[in-house]
Structure formats: structure tokens, C-alpha cells
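Below you'll find only one chain, the form predicted alone, shown as C-alpha cells.
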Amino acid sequence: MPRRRFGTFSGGINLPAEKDATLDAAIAPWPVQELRIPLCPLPAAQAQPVVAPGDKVKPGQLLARTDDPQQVNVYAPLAGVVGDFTDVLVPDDFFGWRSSRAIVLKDLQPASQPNRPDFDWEHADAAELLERLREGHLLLCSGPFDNVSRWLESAIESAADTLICNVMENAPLVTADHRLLAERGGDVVRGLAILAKALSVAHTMLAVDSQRTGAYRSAARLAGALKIDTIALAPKYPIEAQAMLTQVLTRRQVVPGRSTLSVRVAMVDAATCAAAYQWAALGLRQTHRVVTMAGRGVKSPGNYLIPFGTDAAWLLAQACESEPPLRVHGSPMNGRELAVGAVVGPRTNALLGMEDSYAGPPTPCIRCGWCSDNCPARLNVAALNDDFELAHLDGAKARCVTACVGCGICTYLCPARLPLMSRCQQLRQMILREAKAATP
């Protein structure tokens, strides 16, 4: 893989990887007994069920349909029998959870979806690929967008000229996308090529951790054949943040509070690329997610292919020998505490058992400056903490809190145990909502 001279970013830290337990663990299935599949996976109008309790369904079968372009259809991950309706929690905003009605699927059978390789993506034009991807009702597995169709439309409207597949994944413990690229690199690279062709971009890049290149040789060869640049970068955290990676690879500065599309860069993750290929080329619905399970007390750490709608707390409890002090959904740096009732979805890249290193009440800020010195967005985090405590929203605006990338370095380093990232993100969300409400 070429090691070229690119830009860099200020701040950031080198974190202990702590990935040894799962780095070489091949993706494996995890047996589940019941699914609770959300009817409202995105914050829009609920999809309407087209099945009733007692119906038998096949893998990939339509369970609920929507006419709302901001929502997606819901499909069965496995064969089973439809049960009653219930309520579940799905991720919302940066930290919170949102309630959704859900279809219970029981008496599950481990059958694969039907494979229909009836679409020749290599000879399709951009318009045909866009239509095919819209028919897939795909969800993004990371980033500020939720719906792949809306992301594609926004990228076209922004005249995006660069597409980047972000496989840096340099937060501790998490290795889900690494294993996906190492084992199923063909699906990831072909999916990236499909998205690039649909967007008609001039430049396509696959960005990977320079410490892991040995596992990506086959993916790199295929990428070269498809005219995709594979670029290995040093894993200083948080280079995996979209704004940081865009700056490093293109030297374009993302406008605070905006997505990378504001500088004509579209960014996607490995799991979304794989889902795009599996749907566009093979007709397989997006119904599973590769999830890293690791951390304290996990008796079989590894990467598992989990169907959507699996109870996340039950899953982690099954994996752990004892109840961990802290259960985390996502990255240990900026994930959210796992809530009772939460289910696995496209954004569930990890379920972690963690030590509660911030046990005990926070103490007053001692003005050490570590948070600001290492902030990759170069924010005065201590002053923003004052703005939060004083409910001074105008001060947070003036200090450009919307540039916060939510990496969690400030909280990680704070000797006073202050939840600095959470406070900055709350300020950021309030300002963005206020701006959205003021926009005609």
C-alpha cells in the first residue's frame, strides 16, 4: 500500500489499542432466540406493518412498508414466526436513545437470504445504480446521515468529487470494520466502487490503519484493479473522525457544524459499502451487523454477525461471565451507556464491558488545560464547560462549539472527571437545532 505525504491535524493522542483479543478473531454467528425489529429505525414516520401475528416469514421478507423518503422499509433478518408488537430503544442524536414500536420475531431458523445475482452493476450507468440503491432501503452505519438514499442525493447536490471509505477504526477495543475488510474485503471494495460509480466522483479512496495493512492485501489488489486508491495512515486518534480524515486526505477544512459534503467529500464506512454490494449485486437485504464484543468479563471476545433486532443487553450478558461495571454501546471513547430495551442496529459496531474509570462525583475544573491542548478541533474546552454550567449558549456559539467532533479526548484526559464531551455535544446539538428551527 502506498505511503504518501498527506496533511495532518493538530491535537489528538496516541491511544493504547487493546485490540489483541479480537483483532484476529474471525467473524462468527451468534445464536439468537428472538428478535424485536424496530418499525421506526430512523427518526421519521413509522413504517406500517404488512404482516400480522402468527405469520411465517422468510429471510429478507418485507415486514413493514413506508412512503416517507426519510424512513426505510423493514425486512426480516431470519426466518421465523411473527409475534406481538412491543417497544424497543434505538440510538438517537449523539448520546441518547429513542423509543420505537417493533415487531417480535420468534421461532427463528438460521436460514440465509435468497441470493439473486440478477443485476449487472459493472455495466450499469450512474442513474441505474442510484435507482437500484434506492430500492434497497439501506441504512448508513456511521456518520451524520442515516438513510443511504438521502446521503446519495445530498452528495450529488453538493457536487461531491471525492469518495472516501473510512476504515481507520483507531478507537480501543473495536475491530468490527477491520475484520469485515480483512475477511470480506471483496464485498467492501466492490460496494465502494458501486457507490463511486453512482456518484460519478473523480477520486475514490480506501483509508486504512498503517498497522493493519498485512490483513488487507487482497482488498488492496482488488481496489487497484477498480482504480481505487488504498492509503495507509498512522492511527493517531481521532483520525477516524470524518472532519479529521477529510482534512488529512484532501487538506479541505470542514465548516463547523457541517458534514464533509460541505467541502465536496462524501465519506462512508466499510459496513455500508458491504451492504451496498450485497444488495446491488446479489439482492441480499441489509439485516445484520458485524459487532465487536470485548472488554472486562467477556469470556469469548470476538466479532460476531448479529441480526438487527437482537436485544443488546441480553447479548452482552450472554458474552460476559459477570455483570461488568459499565456496559457501552459503541466506542469506549464516545459510545453511549447501554440502555435496557436497546436492540442491535446498523450503528451497533461494538458492545463492550468496561471498568467505570470515572466512578465518583466530578470535581471543579482545575484549569490544567489538557482538554484544550489535545482537542483536535482546537476548542477552548474549559471555557465551553463554563458556558455549559452557566447556560451561556451565545458564549458557546462564539467559541465555535459546533466544530466539536465528539471524539471524547477531553473526557478521557480530564483529572476532574468532568463529562466534557457530553457537555460540548449538548451545546452543539442545541445550537444546531436552533439554527434548523430558524431556517425557512
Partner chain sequence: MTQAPTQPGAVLTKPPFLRAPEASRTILLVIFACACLPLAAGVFFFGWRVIILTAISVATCVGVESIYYRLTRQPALRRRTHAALMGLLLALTLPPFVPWYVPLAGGVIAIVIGKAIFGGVGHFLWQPALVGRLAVVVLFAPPLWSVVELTRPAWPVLAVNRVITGDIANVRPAERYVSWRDTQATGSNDAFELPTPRKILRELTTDQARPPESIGEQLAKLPSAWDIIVGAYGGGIGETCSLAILCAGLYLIYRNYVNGYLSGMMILAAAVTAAVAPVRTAAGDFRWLPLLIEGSDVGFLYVVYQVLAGELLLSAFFLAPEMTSRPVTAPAQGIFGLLCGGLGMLLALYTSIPIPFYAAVLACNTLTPVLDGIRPRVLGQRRWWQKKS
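Residue numbers count along the first chain shown, from 1. Small disclaimer: the values here were computed from a predicted structure and weren't measured.
The following text describes the form predicted together with the partner chain, which does not appear among the structures shown.
Contact with the partner chain in the predicted complex, judged as any non-hydrogen atom within 4.5 angstroms, is confined among 137-145, 194-202, 72-80, 332-340 to 332-340. Proximity to the partner chain in the predicted complex, defined as a heavy atom within 4.5 Å, holds among Ile366, Ala225, Ala111, Ala127 only for Ile366. Comment: the partner chain is not present in this chain, but in the predicted complex one of Leu62, Ala44, Leu393, Cys400 has a heavy atom within 4.5 Å of it, namely Cys400. Contact annotation: Pro325 falls within 4.5 Å of the partner chain in the predicted complex, judged by heavy atom distances. In the predicted complex, no heavy atom of Gln429 sits within 4.5 Å of the partner chain. Remark: Ala317 does not count among the residues lining the partner chain in the predicted complex, judged by a heavy atom distance of 4.5 Å or less. In the predicted complex, the partner chain sits within 4.5 Å of a heavy atom belonging to Pro415.
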